[in-house]
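Just one chain is shown here, as structure tokens, and it is the form predicted alone.
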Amino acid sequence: MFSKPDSTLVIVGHGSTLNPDSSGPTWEHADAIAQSGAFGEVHCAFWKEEPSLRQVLHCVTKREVYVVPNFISEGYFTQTVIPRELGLDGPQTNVAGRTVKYCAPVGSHARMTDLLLKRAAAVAPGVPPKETSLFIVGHGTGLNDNSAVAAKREVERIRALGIFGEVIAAYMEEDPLIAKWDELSTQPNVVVVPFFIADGLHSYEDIPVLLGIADSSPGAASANAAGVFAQNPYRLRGRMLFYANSIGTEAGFAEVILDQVAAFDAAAA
């Protein structure tokens, strides 16, 4: 059983000033890990919410601290923002008398493939995979070339399994754009899985509009009991479209966070 009673776990999320649901999964995974007793203490920290990245180490009482980014990609935030805000200069840094160990983001874990397949199957039960186009949707950004790497990696892994008629990576802000899903796909059924941490601003408000399943932002998920997910399938542009919850809402993410800590220790041994 995973046990580090003399260590602190800090789970870092993006957070949002525009959508109250952005930090939800990070808090939920932190609570699950705290209840398991795996660490002496568990904290959350965010870029856009409180407690902030610059505050969190002042809340820590243990001398050994593991930091796990609850982010999908190894991009701008995990490589630039988090290290800068926490004062890290490598995988292990001494900060104010504490040893801070910086782990890989959850999105780089090999288990992502299984979680994506599970989510795709759950949103479209009974739909023949060979007659389905599966979209893995990422953000994409010009700030860091690695932003789209995670989605591309998962698409390659799933495509190699030969389960679906086609598997496609698409993005909000770079080509190929998810707004052109009907031009990018050929199958009669389309399953869209957002490769995001939360059902927040992008996956719940922006992508439905880009897909054409909503004319305008439906608002926060927590304020809409039915929501865009309850209306599956969508008959749109001559296809049957199924829109899934963001992958980061899977309960299995708590285990992935612990796995990333174990992987850090294994690499350092």
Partner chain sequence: MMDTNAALADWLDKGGRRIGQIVIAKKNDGWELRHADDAAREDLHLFTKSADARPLANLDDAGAYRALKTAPNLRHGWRLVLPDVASVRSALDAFYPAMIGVQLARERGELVPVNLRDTLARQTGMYRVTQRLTDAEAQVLIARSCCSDGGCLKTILWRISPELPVNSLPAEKFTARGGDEWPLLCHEACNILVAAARKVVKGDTKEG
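Numbering follows the first chain given and starts at 1. Keep in mind that this is a model prediction, so the values were computed, not measured.
This next part talks about the form predicted together with the partner chain, which is not shown.
Contact check for residue 245: no non-hydrogen atom falls within 4.5 Å of the partner chain in the predicted bound form. When the partner chain is considered in the predicted bound form, residue 55 lines it closely, a heavy atom lying within 4.5 Å. Taking non-hydrogen atoms only, residue 252 never approaches the partner chain to within 4.5 angstroms in the predicted bound form. Within 4.5 Å of some heavy atom of the partner chain in the predicted bound form lies at least one heavy atom of residue 85. Contact with the partner chain, judged by heavy atoms within 4.5 Å in the predicted bound form, is confined among 40-48, 66-74, 236-244, 200-208 to 40-48.
In the predicted bound form, the residues of 59-92 lying within 4.5 Å of the partner chain by at least one heavy atom are, in order, 59, 60, 61, 62, 63, 76, 80, 84, 85.
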